[in-house]
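Following this are structure 1 and structure 2, which are two forms of one protein chain, each written alone as structure tokens.
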Structure 1
Amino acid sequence: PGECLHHSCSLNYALSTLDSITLMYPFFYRPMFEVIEDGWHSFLPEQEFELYSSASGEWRLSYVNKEFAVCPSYPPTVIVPKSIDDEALRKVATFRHGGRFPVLSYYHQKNGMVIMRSGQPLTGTNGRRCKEDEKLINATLRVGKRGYIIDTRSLNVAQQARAKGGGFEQEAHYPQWRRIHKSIERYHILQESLIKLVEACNDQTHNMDRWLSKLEASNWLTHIKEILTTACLAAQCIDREGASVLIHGTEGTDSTLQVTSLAQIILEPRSRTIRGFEALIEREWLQAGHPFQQRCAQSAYCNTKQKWEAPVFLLFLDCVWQILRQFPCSFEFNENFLIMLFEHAYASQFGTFLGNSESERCKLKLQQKTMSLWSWVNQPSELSKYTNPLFEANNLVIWPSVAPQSLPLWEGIFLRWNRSSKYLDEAYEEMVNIIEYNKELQAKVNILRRQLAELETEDGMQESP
């Protein structure tokens, strides 16, 4: 068995290296459907930036990372303060983990406040500083305004990071910014949490009490609560305090993205539509360089300790589901949409979630060699499966509750194979029928009204001469 384990180790390793990616299914998958809209071009950064038209006074598109030379995990196009030139960006990149200089993540139309994200500053133990970095960050503040830096790590962890050359922004050097530390877990802690949770869900022998202790011991819902709380805090800074926010953890590719993307779900009605949510995933996860290949290789059933494996994206989806549960009429998509995304992030015939960054995806020529998930999903026949019949556009900011009582286990994903969903599916169907029937009648009534109106005017015409 040891040898077998060894083999599976090497197999796992082989599967997660770049070369072998080209041997994966998406490279051999030949779609049996007609591509109406190529998903690879559905969400171009330029188009996304156009949506922030009112931001264009203060922000600009930069192509400084065109060759992926400044930051290997960033896309070629990023949004930065207008007053900061590319040269300064290059300097800032050397001061930020992985070259991830602060970029715009979200622009709040209502008050012009923004969410930015980055990697940790490389202050090290001797408190290194970078004038350009300070300038860039301050350039995002309006006159007399203050901002918040949300470090997704606890103070302790952030301090320890200094020993390895990382660190956090010193108040003295960023006087207009107030730092808040939260503690969102990373890597193996999340992975262990997922393994424990799935184990608990699969164990049908234990009694009621052990189920609850195991659920508790998995800490999964604790992570959910922490991530959601941090996202709410960021959204609150923006919408309630009227203050901009910079968010980072260590690399800025995991907890950072959870927080920035969830804050947008809370703040931005568009991100609660199907199209908007896809754009959000494209922007805040794929383009932003979440290493999907590393994080989503094995899921819960891996017997080897995968160093880079972590259900970061699944936690994000779970958080979205929690908000959806609390605001069932405010999302254009339904639970199945989230489940579908979860599945494709881990195993897919489409190339969308392959690679760890835009630069890797470019090298792999995914756009030429594989099919985009969005090409498939955005077909009308597919979309209908994922459309929430209850959706009514809601232009308000939605503040979810983060009380434990409000955050249940996501049964649709974790108990999917352990309980029959027959009755719940029937209920969903019933709901769809009720709404469809209403729409049908609405249409019929409208037609008759029109007919009647026509007849009546006809009558009138005949009578009037």
Structure 2
Amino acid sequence: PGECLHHSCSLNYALSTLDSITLMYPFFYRPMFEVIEDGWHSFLPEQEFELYSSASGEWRLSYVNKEFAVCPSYPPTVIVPKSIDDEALRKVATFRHGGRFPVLSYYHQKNGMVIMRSGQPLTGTNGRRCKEDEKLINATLRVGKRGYIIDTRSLNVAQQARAKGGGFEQEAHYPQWRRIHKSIERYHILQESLIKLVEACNDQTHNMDRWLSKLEASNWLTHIKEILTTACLAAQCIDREGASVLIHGTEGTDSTLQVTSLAQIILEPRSRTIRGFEALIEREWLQAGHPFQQRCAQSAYCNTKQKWEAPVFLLFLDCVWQILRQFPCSFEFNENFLIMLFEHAYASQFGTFLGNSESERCKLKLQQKTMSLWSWVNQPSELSKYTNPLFEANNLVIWPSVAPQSLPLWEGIFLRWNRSSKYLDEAYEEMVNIIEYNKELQAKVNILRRQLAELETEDGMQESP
């Protein structure tokens, strides 16, 4: 095993340090299946905006970033308040980290409240302000309503950011907004956590104290709890408080996206379907500028550590699995779907997760030169592998427990090579057979009920004079 791991690390390093992205496998892969759907055009912003028909009076599509000139990490098309013109957006972009001005992430159909996301404001030590930024954010509020700004940094970290030109929204300039700090760890801390966890899972000493000690030292489940708690807070503000939310950390490309995505899983039934979840990843991760190329450059087994490496997307998928485990009938997809997405984020024959932003993907001409993951996944033959047989559409908001006892280790990812899948597969097949048999019996019951109703009707007609 040690020799295999050594060769794996060597290959991993060689493949992750290629001189050009265009030398990676997706540029040479040729599909062996009939392409029914062009995944590159499956989840366009215009199509997603149509789903928010009730919001069209207050929101609009803006093409201000058409040439990626305003914000290099945003897509060409974004959703912004109708009352804010493109010139104002350009001014706001100069006041936000990386040009990431506040944009619509989610519209709650039930009460019209919204989740917006952005980069940190560049207030600096002088307390700089931007009237256009204040106007944009306030444009999302209803008359007499307050909003919440959820900052995914601790207050101390946010204050330190001012010395580097960053900062946070001052209450004096945003009086209708209440700021809440919920610290979510970043970069090297998360990568160290993953490395420690994988090391613990591969420990062959079979010592219980050692295993539990290593698991605790990794802090992985603590990170899961922090992220889920913040997502629940955002969802609570929207659904129970009836208040809109703005979410950001520093850049707005990591913990911000974890929170906005998970809040939608909690609030929006569509996000719990296969296509809805794909749209969520496309909108909140790929188009929103999560730097996949940097974050998923290498695995936890690699000896060299890159500065920007971090399992941000894996943590998100783990959080989704935790909710799926607590609500097994509310998701159209199963655990294998999440595992498949994790695998393709790190190594794939498809171009979907290449690059760090839409701008980079356009320069690489991925749509012309590579195949989309969604083109393959959405084939009926593939979808059947990822469909949850227990699924029953649930239109309610689902509230996951974040108690430590409710958050176990994701065995399907971290202990996948330590356990035999034979019995799990057999149990899964048996469950599917029972569900199918139950459906057949239910169909027979419905037929018999109809026949009984017809017989009762006939008897009634014969008895009448």
Partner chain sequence: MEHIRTPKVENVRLVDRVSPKKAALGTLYLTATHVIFVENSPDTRKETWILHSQISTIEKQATTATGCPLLIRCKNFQIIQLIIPQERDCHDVYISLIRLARPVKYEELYCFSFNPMLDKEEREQGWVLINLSEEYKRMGLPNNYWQLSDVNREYRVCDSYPTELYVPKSATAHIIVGSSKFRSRRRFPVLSYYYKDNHASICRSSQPLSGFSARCLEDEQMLQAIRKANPGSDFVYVVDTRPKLNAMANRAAGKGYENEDNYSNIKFQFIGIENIHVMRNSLQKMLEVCELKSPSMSDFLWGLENSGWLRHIKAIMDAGIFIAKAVSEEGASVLVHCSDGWDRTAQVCSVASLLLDPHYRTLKGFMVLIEKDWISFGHKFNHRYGNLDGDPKEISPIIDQFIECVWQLMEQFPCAFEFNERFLIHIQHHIYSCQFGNFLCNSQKERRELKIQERTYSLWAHLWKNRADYLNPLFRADHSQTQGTLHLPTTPCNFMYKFWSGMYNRFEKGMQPRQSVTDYLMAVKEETQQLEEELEALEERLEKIQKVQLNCTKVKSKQSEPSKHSGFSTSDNSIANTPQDYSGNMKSFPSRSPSQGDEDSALILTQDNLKNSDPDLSANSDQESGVEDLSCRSPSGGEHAPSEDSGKDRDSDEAVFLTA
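Every residue number counts along structure 1's sequence, beginning with 1. By rigid core we mean the largest C-alpha set that fits within 1.5 Å across both forms. Because the structure is predicted, anything quoted here is derived from the model rather than measured.
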{"query": "Form predicted together with its partner chain - which displayed structure it is", "finding": "1"}
{"query": "Rigid core fit between the two structures: Cα deviation of residue 446 in angstrom", "finding": "7.3"}
